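What follows is a pair of forms of the same protein chain, given separately as structure tokens and numbered structure 1 and structure 2.
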Structure 1
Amino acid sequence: MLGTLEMGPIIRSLTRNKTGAVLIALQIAVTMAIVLNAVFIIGERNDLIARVSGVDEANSFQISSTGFASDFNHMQTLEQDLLDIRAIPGVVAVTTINAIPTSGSGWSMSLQTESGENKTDVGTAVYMVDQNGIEALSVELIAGSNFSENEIRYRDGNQEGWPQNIIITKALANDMFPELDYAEVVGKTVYINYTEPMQIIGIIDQLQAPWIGWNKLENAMLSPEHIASGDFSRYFVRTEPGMRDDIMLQVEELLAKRANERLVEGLRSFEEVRERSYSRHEAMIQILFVVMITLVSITGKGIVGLASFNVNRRRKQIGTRRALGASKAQIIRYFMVENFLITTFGIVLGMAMTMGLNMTLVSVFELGRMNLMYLPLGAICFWLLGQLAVFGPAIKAASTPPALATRTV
């Protein structure tokens, strides 16, 4: 252990030449505050990206069709497209759909357990699908039943009202009926547009909404209907494993056979849709990594620079101590302890700055609160950084011959 006789000179040296030490401590504090919050944000973003959508992501894709011919029959074309796509070998299921999970664009509504205005409501994403929607989306029906073919309706642009039956996610069921189990939720009536009743006939395990930043991401409902307005149709196709890319081309060619009547576009795998939605998160993670590496490198070099400066400035002192019998280990320890004290001051200040910055991010950007475990882990990392950065100059100081160090120039 370091004795009192050795600690005294270190403290006195720091108090006499405190400018450099204070600057390094401040640099450590600022770096610690930024790096720990960056690590926290990266962890949050990775958790968001890792969320399961509920869809068979690797084997699903979307494609859309928009008719422009004057005699284009939308309903007839839609029904024939579904039959033709379903007949392609390797297609597990296909459905029409108004929006794609995690895509960033879709429909939302509010549901109530009681009829009337000013009643408590719960927001939900709305997916309009047919009887094949559950299989195409690869979600699991955990209670109740699926839609029947004869209850699928066509929604045109002027149509009002909603279908009688709906299927909801278990997350939405938990929000609306927290005291009931899923079997008891089936058969319950909920209200849309304040007074219009709909009956819950089934509950699925999971399906994310289109908006990845929404705090009700898992709230979704399936409505049994085809969109039949504007001559636009969007198809969501699920394939056998490993066949997606080939079937994507087949479906595109199939729909494009009537290119003189309609425009075929929007061919994207679900993975591509998901990657586009999370691209900002990915970019933020990359930027934060660059910032972290840059700041840590600058801080490490600052510590090395201060230590090297102190070695050169105190060569006579080092030589005197060596001449009086101080070992190389004692000289190394002197600089290591000195750096440890500077780093500790910076870490204590950095902890306060870290929490202050996190509180600002929470209030301004609605981020989560940082786990306090980041602070001791960060302290350990910065202590190690300081010790590693000063070790080279400390070795150099200990290797200086006493005669050369005490020589007057």
Structure 2
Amino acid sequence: MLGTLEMGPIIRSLTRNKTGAVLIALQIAVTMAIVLNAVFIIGERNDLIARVSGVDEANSFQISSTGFASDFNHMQTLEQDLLDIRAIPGVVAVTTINAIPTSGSGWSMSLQTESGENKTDVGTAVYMVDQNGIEALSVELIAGSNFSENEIRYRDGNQEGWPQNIIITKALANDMFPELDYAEVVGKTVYINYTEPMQIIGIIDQLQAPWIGWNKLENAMLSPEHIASGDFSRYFVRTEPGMRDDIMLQVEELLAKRANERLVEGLRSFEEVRERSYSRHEAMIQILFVVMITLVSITGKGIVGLASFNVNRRRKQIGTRRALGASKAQIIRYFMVENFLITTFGIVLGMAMTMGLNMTLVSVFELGRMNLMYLPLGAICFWLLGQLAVFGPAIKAASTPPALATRTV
């Protein structure tokens, strides 16, 4: 049966007509290098996007208020706003907050487990929230306790240092006290600004920092404070499922009642905030998809084009083969086998180029190293692509009438 595959004669025939085959193989190789690396990059970006922020993403939003009237009373406004928003039916919880997880801007500090300068420290995002912060952010307190209402202070720039109690994420607890179980971290003292002690009173399961590209993304701490400088406050609201959009409008309307004294801005659902941050990754994914599809179709078209040309060039030969007893299936098989050989050559070259490109990307752009499993999977895909592309011309070849052999053209 192997005899009819005609591997030997096909290879010998190909080596006498190298150019076309080499061009196709090179196209396949470069296409494979680009496509596999693109797939890999898409995978990495998708992994980034798939990370969860820890908040109730579908049912949360933010809005901010900036007073500008000269007699604007910030503290009073803030307290009244919180009461009013909380009173809206469908609002689960509301807190003031200085920054929104994954939004791109926020505040970071370093914490250390020992007091003094030049000690090892751990970076963390700081979220200033009130006693409803945990509920509004929809994070779970897995050890210790929440802030009490009376320990929430106003940070207007005139206080000494930091609040006494903080709540931190499990990831931050593990980062600072790797040898302890997170529950044992409750009650520990950590130091901010080298020497200021703070006590950890609670651990929450998960909450991401504002910077999605930060390598300590899961390190966050909650500090019991309302920001009170610059007459600016930002509210973070969590609603009952499905009621977010309605409540967003209601809250905006509510705050805008005093539009002559303040600006109401930044009304954005959490999903939108998150999307904005990840939009560059999303864009990259989409561009890479377009690149892949175009490239594969160009290469496919190239295979079809060259195969059709070869079929036309070899019409007489095909007719002769048919006259000499080749069945249609055998003619089709000839072109499929020929393509398989060319593609295989391209794939072998392509594997080397794929790894080469990946290594370059790794060293220049700090990309991850590609899993070797991509290579055999890619090879299968390109074999299929080749076979699919050559099938049409092969069918056309098989329909060459055997009587062509006796025609003197």
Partner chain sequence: MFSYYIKLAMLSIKRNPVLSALMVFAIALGIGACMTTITVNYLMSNNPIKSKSDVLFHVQLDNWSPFNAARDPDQPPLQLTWVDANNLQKAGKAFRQAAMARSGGVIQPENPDVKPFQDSFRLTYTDFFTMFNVPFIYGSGWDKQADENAEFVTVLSRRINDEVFGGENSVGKTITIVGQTFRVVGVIDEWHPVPKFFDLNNDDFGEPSALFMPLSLKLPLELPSWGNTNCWKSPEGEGFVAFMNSECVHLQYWVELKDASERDSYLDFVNSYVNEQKELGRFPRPLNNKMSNVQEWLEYNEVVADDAKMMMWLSLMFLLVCLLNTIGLMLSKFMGKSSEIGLRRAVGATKRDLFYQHLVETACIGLAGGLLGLVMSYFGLQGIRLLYGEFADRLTSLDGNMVLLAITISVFATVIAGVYPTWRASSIAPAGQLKSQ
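Throughout, rigid core stands for the largest set of C-alpha atoms superposing within 1.5 Å between the two forms. Values in this document were obtained by computation on a predicted structure and should not be read as measured data. Residue 1 is the first residue of structure 1, and the numbers go on in sequence order from there.
Only structure 1 comes from the form predicted on its own. In this overlay on the rigid core, R333 has a C-alpha that sits 2 Å or more away from its partner position between structure 1 and structure 2. In a rigid-core overlay of the protein, G305 has its C-alpha displaced by at least 2 Å between structure 1 and structure 2.
Between-form comparison between structure 1 and structure 2 gives a rotation of 8° for the smaller rigid part, taken against the larger part from C-alpha superpositions.
Comparison between structure 1 and structure 2 places the CA of G392 2.7 angstrom away from its other position, after core fitting.
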